[in-house]
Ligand SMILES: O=C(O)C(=O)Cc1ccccc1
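Okay, here we've got a single chain as structure tokens, the form predicted alone, with questions on binding and movement later.
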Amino acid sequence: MPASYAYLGPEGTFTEVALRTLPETATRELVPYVSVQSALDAVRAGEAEAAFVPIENSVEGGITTTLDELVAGQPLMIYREVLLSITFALLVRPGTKLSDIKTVTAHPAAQPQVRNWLKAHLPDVVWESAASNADGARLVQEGRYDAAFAGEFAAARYGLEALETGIHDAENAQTRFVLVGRPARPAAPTGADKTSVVLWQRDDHPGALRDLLGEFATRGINLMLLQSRPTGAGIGNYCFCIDAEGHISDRRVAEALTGLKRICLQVRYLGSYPRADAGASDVETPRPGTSDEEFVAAADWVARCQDGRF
């Protein structure tokens, strides 16, 4: 029996489309789950080798459901990421006209991406959230709602028609998906990588966030995502989800993580993995003074000073 990948289902989600771009899915059983939480829990329970879930979109930023699941519970690790361009279709039961639509549904992350279109074409419609865009299509098929925003490819799967296509408020909107598994040794660096961590402050004081970010800045590490999430310990208590340029095997990244481990209450390492937006010409060029060779030379100079060989 082939190993399985869990993903946010049901069949016909953007998540499934993005997942199928990975070559290894040809030898994996792809199993849809009803939520991000259940897909990740399948990995934690050993029921799936990995889970594929959305984590960020270019309109609203980080997808909080996924971030919160990675922040809490048994640790998991990101191994891959995929970027997918997103446009929506308005799916309806055959024969439905635009004037017939009183209720629409989709995943909550879809609403900010179609808000202006709704205002212009269906200003009085009632919005209801679904577990996923494809699940919204299924609910329309069952007669629960009049229309759903989903990928046009989901229409045939659920016996619906695409009344409108190419719907998006923002040009070139993208969603980032990640392949998440149990913790293990990260893949070798490619030269165009990303490292993800979650940071908890030791205490709240003026400049606390600056202190955390300074560990990256002084080593010339660019941040690609910074999002705060409540810890549940009361108003004003937050942890920080961060994507940083580079790989944990890079000296500058390793030293930044060492510094963060020293000053933070807790650091959760979520993995180092290839950037999906990097091409052959996008190999990272560290700022002067932050290359591995310069870190080695500086450490060697300190050792010589300690030995009186300066």
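Just so you know, these numbers come straight off a predicted model, no measurement behind them. All residue numbers are counted from 1 along the displayed sequence.
There is another form of the same protein, the form predicted in complex with the named molecule; it is not shown, and what comes next is about it.
Can you pick the one in V140, V180, I86, I221 that has a heavy atom within 4.5 Å of the named molecule in the predicted complex? Contact check passes for I86.
Check each of A110, M77, L90, L160 and return the one that places a heavy atom within 4.5 angstroms of the named molecule in the predicted complex. Checked against the cut-off, the match is A110.
With the named molecule left out here, work out from 131-139, 189-197, 213-221, 116-124 which stretch has heavy atoms within 4.5 Å of it in the predicted complex. Checking each option against the 4.5 Å cut-off leaves 131-139.
Report whether all of L8, P54 and T175 sit within 4.5 Å of the named molecule in the predicted complex, measuring from non-hydrogen atoms. Per the other structure, all of L8, P54 and T175 touch the named molecule.
Sequence order please: the residues of 10-32 with a heavy atom within 4.5 Å of the named molecule in the predicted complex. Result: T13, F14, T15.
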